[in-house]
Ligand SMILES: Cc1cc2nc3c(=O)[nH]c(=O)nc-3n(C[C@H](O)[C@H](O)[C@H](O)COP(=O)(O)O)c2cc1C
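Given as structure tokens, the chain that follows is alone and in the form predicted alone.
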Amino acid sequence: MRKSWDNSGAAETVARRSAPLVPVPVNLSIGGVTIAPATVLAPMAGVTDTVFRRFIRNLGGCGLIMTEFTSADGVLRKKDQKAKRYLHFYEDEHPISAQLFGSDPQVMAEAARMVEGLGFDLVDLNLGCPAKKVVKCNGGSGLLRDLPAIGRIFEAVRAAVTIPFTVKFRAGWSDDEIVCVELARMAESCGLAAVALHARTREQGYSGQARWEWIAAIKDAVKIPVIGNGDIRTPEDACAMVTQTGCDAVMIGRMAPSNPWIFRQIEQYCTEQKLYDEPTEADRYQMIRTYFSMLIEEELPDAVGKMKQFASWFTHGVPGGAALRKAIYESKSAVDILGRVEEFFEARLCGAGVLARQAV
């Protein structure tokens, strides 16, 4: 299946674009929890903390947000401050799902009980992370080679909680070990409320194209909701995935920090005659200033690092963005970084050109 940015096979690409696109569903029910619209912010390590989640939610169009993937072992260790921080959320984040990873069924079950006690709407099992340090502990996508072990986790967690239990997984370890359909069927038989597929293998990591046909195969195999993930970069791509796979919702990961408006754009595209707003430079300024201000207000210990991390995403495509990124990277404090952002954009918007104009 070709995506909208695949320039090879021009005739096929034109044909796909001319075909009627099915809109992303207005809503989706997962175990009684309503997701409206049927769009999900994917869990991303180092990205989807409470600040970014609320930031995305406030921009509009995202039906479900998820935490960073969190170690079940860490949740049970009372002194693990990182896990505690990962699971911190505010009331305006509902509906929200906590994603856990681990390989011990009883540890996973107890961590899921704690998640339910914290007030999360759903709990999700991570079977997709390709990171070596996670895989070597038999976590994330490392479990894809041991379906019986996954089954034991499914049964233990499902018996431990009353909130909806879901799973996000990859298609398999490699092209020679595709297990996604079998895994989805097992999830359904164990009482899970929904499945989400990142349509790549563990060996692919984040390279190459996502194989949307695997999402379609799962949709044909189970009756529980199927969430599709992989290579959604525009509203048109989101609708193309729904059209080609029949999935019940779409999940967006890496595109969200690059284009935080993507969820709102999808909602606009599906409800406003295939039109959606492109952010202006003033919009981008407001977006960066808002996110950085939220980081400062939250008093996160890594606020400066977060600002520098997000600067490369948020300033992509901004004329003179290289100069702004350089100014941000050279700053020592969060307040100084915010000041550099304000100075840069106010000068541009006023036409003063205080910072040197450089190629992005």
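Each residue number is its position in the shown sequence, starting from 1. Being a predicted model, the structure only gives us computed values, none of them experimental.
Not pictured, yet referred to below: the form predicted in complex with the ligand.
Q: Tell me, out of C239, L192, I252, V134, which residue has a non-hydrogen atom within 4.5 angstroms of the ligand in the model of the complex.
A: Among C239, L192, I252, V134, a heavy atom within 4.5 Å of the ligand in the model of the complex occurs only for I252.
Q) Which residue, N259, N126, T201, T245, has a heavy atom that falls within 4.5 Å of the ligand in the model of the complex? A) Exactly one listed residue reaches within 4.5 Å, namely N126.
Q. Should N229 be counted as a contact of the ligand in the model of the complex, where contact means heavy atoms within 4.5 Å?
A. Contact check for N229: yes, within 4.5 Å of the ligand in the model of the complex.
Q. Heavy atoms within 4.5 Å of the ligand in the model of the complex: does S141 have any?
A. Close contact is absent here: in the model of the complex, S141 is far from the ligand, nothing within 4.5 Å, heavy atoms only.
Q) Quick one: does S97 come within 4.5 Å of the ligand in the model of the complex, counting heavy atoms only? A) S97: no, not in contact with the ligand in the model of the complex.
(Q) Would you classify A327 as touching the ligand in the model of the complex, given a 4.5 Å non-hydrogen atom cut-off? (A) Judged by the heavy-atom cut-off of 4.5 Å, A327 is well away from the ligand in the model of the complex.
Q) in the model of the complex, which of 150 to 158, 108 to 116, 67 to 75, 276 to 284 comes within 4.5 Å of the ligand (heavy atoms)? A) Residues of 67 to 75 come within 4.5 Å of the partner.
(Q) Suppose contact means any heavy atom within 4.5 Å; which members of 40 to 66 contact the ligand in the model of the complex? (A) Sequence-ordered list: A42, P43, M44, A45, V47.
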